[in-house]
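A lone chain, given as structure tokens: the form predicted on its own.
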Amino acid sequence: MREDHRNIAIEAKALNVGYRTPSGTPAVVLKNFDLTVPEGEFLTIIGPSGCGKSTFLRAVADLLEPVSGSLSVFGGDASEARRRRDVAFVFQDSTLLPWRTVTENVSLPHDVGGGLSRRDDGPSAEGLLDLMGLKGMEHRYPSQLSGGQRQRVAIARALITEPRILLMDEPFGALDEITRDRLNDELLKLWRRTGSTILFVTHSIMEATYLGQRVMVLAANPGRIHEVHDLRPLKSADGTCSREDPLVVAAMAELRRELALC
């Protein structure tokens, strides 16, 4: 295990997250969650349905309040990080507005929030579309794009506010395998360029292993951390690996065995 001296992006201690029943009693989805995520890490999250993968992302995004315990984002409350626009969310559905062009969809956070970039020379919609390989499609509408292109637009929209944390909830789950693999590679390049902290939920063991510096395995009933695997020793300095590397294949097999127990 490597010693890590980076700043802490997310820290959860004895965190319980859930919702209130009609009678007012708490129903806990995540229980006794203890996790530290260094700034700049790419953390992938896998686990059976109902284990709280999306619930944890929603807590970080300040869409769910903790029932008990503590959750800090860059040393403060999740609500503070939300107000600073430190966190952006990309869902499985691209959630683009069908009546807005590609450029207008990417610019939406500026339109509703009014000048959210951290710098006067912050990223433009056009620049982000170029970065995502969508140059020439600025004036198209979502209905004129493929599924992979729509997800690229959604990622560009999330990046326009220069978030320090990018939360991704199965963003490529509905795509074909070839498109998914291509977007995995593009996402790794984007992560290296921006230095953002990424939390990435997936049901794919291969995707989790290929993308993550660490893989967090969750168990269900209630949702809890089963294990966190450090995969950095299997990867090159730029965070990449080969899907056919025997060590990577062995790591996938170990994750598959663990999931069978969760």
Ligand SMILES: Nc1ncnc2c1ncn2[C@@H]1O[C@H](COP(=O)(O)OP(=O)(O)OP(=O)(O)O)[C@@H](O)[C@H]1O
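The structure displayed is predicted, hence computed values, not measured ones. Start at 1 and count along the sequence shown; that's the residue number.
A second form of this protein, the form predicted together with this ligand, is not displayed here; the remarks below concern that form.
Novice: Within 4.5 Å of this ligand in the predicted complex - does that hold for a heavy atom of every one of Glu39, Val60 and Arg164?
Specialist: No, the candidate spot makes no contact with this ligand.
Novice: Only one of Leu43, Val29, Ile225, Ile205 gets a heavy atom within 4.5 Å of this ligand in the predicted complex. Which one?
Specialist: Of Leu43, Val29, Ile225, Ile205, the residue with a heavy atom within 4.5 Å of this ligand in the predicted complex is Val29.
Novice: Select, from the options 192-200, 227-235, 50-58, 207-215, the stretch whose residues sit within 4.5 angstroms of this ligand in the predicted complex by heavy atom distance.
Specialist: Contact criterion met by 50-58 only.
Novice: Classify Glu170 as contacting or not contacting this ligand in the predicted complex by the rule of any non-hydrogen atom within 4.5 angstroms, answering yes or no.
Specialist: Because a heavy atom of Glu170 falls inside 4.5 Å of this ligand in the predicted complex, the answer is yes.
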